[in-house]
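There is one chain below, alone, in structure tokens, taken in the form predicted alone.
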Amino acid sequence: MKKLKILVTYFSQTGNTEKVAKSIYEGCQGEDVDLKPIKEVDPSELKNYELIFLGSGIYASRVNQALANLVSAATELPPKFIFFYTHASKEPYQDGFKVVKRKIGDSSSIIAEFDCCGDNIGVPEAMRNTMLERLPPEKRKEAEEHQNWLKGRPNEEDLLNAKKFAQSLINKL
């Protein structure tokens, strides 16, 4: 049986999305799969893949601009994309990939998305504390509980879920 040519590429500011990308890569073992940070991907090579896992953290409700730039610079896109992202919220973002989706247009299918919580380790503790201090007491307690819930994410279970997500999609293709 022919192996799928897959690229797992990502932008990761804090390391959270990189961890998820590595788990997705592990879930694609047995296929012809490459794992690369987005800055190492040549846009002209995207056409050589049958499937691309494209990931980023969510920053100001959007994925990093590098994803849209990569897609825009490509002369030809692969037939299928899967998006994955990390965020510091209990609820997934509604459409952090909006700009990327516009760039892809009708030329490719977006067959799935995977979201994962990530500790907001990129925000200095002093800044987090200042933000918490500005909140009314009832909101502060809720925000502190949320911060504690996020600590250490993505955790082993999150990363296993990313791996299983990739495996289940590969099995369906």
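The first residue of the sequence shown is number 1, and the count goes up from there. Since the model is a prediction, treat every value here as computed from it, not as a measurement.
The following text describes the form predicted together with a small molecule, which does not appear among the structures shown.
- Contact with the small molecule, judged by heavy atoms within 4.5 Å in the predicted bound form, is confined among 103 to 111, 52 to 60, 24 to 32, 66 to 74 to 52 to 60.
- Although the partner is absent here, Thr9 sits far enough away that none of its heavy atoms falls within 4.5 Å of the small molecule in the predicted bound form.
- Shown alone here, Asn155 lies farther than 4.5 Å from the small molecule in the predicted bound form, counting heavy atoms only.
- Under a 4.5 angstroms non-hydrogen atom cutoff, the small molecule in the predicted bound form lacks Asp115 among its neighbouring residues.
- Contact annotation: Ala88 falls within 4.5 Å of the small molecule in the predicted bound form, judged by heavy atom distances.
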